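Taking the form predicted alone, here's one chain by itself in structure tokens.
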């Protein structure tokens, strides 16, 4: 629980730590009283899953243990004890438009009847690609399973096409579980990990990443001037450390500097494409080289996409030798 008091006239400004602990204890006891089945299930899960949860972050709640979900519809969650909650998290925006919307249910049922995994394309992919191109302004699209994976594929392309090793990200960003997006600027000004574990042991963080503060154009130019940055990976609005808006003219300058120093610009719209049909990119006329999208693009089904320009498509094919339908066998 975090209490942020900004009004000096607030009657709560002098609340003591002991009082807060008492309130927290009272809320915890009420939570335990209302969720006995979740408590029992959590204890049982310790024998099967690490720390009793399918994925580590599922245990990162302020409650003594997580609630186990029985059903989720719209903006409501019902746990296995029958408690109903208003869901302000919505799967970390994976269910941005609500849990299990009727159109998604119908589409999923129809596709399951027609096959789930075939390793072959369908005509639906053409419709989706054209719709994405119309909305976001980039003509070529590829599909992935998660936004992390989409970002990884794009970064690999950028490194291959530029021959450069590093990427540049914003301090306190989040772009999935990428090694390159884990470092941040520590108190001493050096790069440190935001977590207490290293997902890429033995690799110096400086070998992978340059990090600057969002909206800091001077730092951005300084780091890009080394000309070892394959790409800048950025959200149009910072969403992992509060909602930090771009300063006037920032995105124009970001585009200009990437072009000047030969670095590709990737805009990660995974959270911000709720801004409109074409996300923040269309609404504010951004001109990225790549766009990545994940989470709620498929109504909660694990799917992601990434788009890119015609110039990049030609460069990828020239370097990787992909065949087209007109190529001789």
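Keep in mind it's a predicted model, so treat the numbers as computed, not measured. Residue numbers count along the first chain shown, from 1.
If you look for the form predicted in complex with a small molecule, you will not find it shown, but the lines that follow are about it.
Remark: of stretches 255-263, 96-104, 216-224, 170-178, the one touching the small molecule in the model of the complex is 170-178 (heavy atom within 4.5 Å). Contact annotation: residue 92 falls within 4.5 Å of the small molecule in the model of the complex, judged by heavy atom distances.
Using a 4.5 angstroms threshold between heavy atoms, residue 148 counts as touching the small molecule in the model of the complex. Among heavy atoms of residue 73, none comes within 4.5 Å of the small molecule in the model of the complex.
Although the partner is absent here, residue 122 sits far enough away that none of its heavy atoms falls within 4.5 Å of the small molecule in the model of the complex.
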